[in-house]
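Next comes just one chain, in structure tokens: the form predicted on its own.
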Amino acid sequence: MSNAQQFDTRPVVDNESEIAVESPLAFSRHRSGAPKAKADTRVTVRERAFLGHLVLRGGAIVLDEALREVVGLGLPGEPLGLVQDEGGKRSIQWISPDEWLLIVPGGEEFDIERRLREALGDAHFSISNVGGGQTVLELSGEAAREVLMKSVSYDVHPSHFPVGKGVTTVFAKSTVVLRRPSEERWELVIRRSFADYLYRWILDAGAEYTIGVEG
């Protein structure tokens, strides 16, 4: 049984003292704008904010068993693999030989971490809640890959980057986790401190494709 202390850092909004909850891009959208999609838009960007991000480290066998019990998903079967549930709400990505990123709907991460710690017992592992320092940007549309080709050093050709793959790579001058959950949808898991920079970069890189912002 783990003795680690958990703290639910999500603000609770009540009638007495409402706390404004802002995504990492709240200021960016105000300063740089959020152009709406048009008839000739070929790529759109959307922030998937306030998700739960847990970094898991440990032995693959014990983590796989615990995740299947708690989340209903097993670890990816191969390096750089990405698995997700049927609705795409929960996903697990292979990051390095003993490291995986679990992303779940916001608010679930605290209970999931507790249950994983109980299931893992005395096994050698670590679970880090990094949701406060990360967010997810989603690129979709027929020109999404063209925007990526302008921005990343990694080969994003479909023959080299199929659906269900994810890598850590360089995007512009920042490090991101690039994932491909479906044929026309890509995800960037980015650090909160680089969110404004990357958002403005994407708007500029997608301007020739009449980029639109969703959400």
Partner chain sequence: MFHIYCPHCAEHREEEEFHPKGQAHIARPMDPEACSDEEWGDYLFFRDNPRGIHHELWVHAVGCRKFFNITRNTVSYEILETYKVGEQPTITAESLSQDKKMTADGVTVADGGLQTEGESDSAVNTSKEAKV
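Residue numbers count along the first chain shown, from 1. Since the model is a prediction, treat every value here as computed from it, not as a measurement.
The protein also exists as the form predicted together with the partner chain; that form is not presented, and the subsequent description refers to it.
- Against the partner chain in the predicted bound form, the set Trp94, Asp98 and Val167 is in full contact: each member has a heavy atom within 4.5 Å.
- In short, of 37 to 45, 179 to 187, 60 to 68, 146 to 154 it is 146 to 154 that has heavy atoms within 4.5 Å of the partner chain in the predicted bound form.
- Although the partner is absent here, Ala119 lies well away from the partner chain in the predicted bound form, with no heavy atom inside 4.5 Å.
- The partner chain is not shown here, but in the predicted bound form it comes within 4.5 Å of a heavy atom of Pro79.
- In the predicted bound form, at least one heavy atom of Thr175 sits within 4.5 Å of a heavy atom of the partner chain.
- Looking at Arg31, you'd find every heavy atom of it more than 4.5 angstroms from the partner chain in the predicted bound form.
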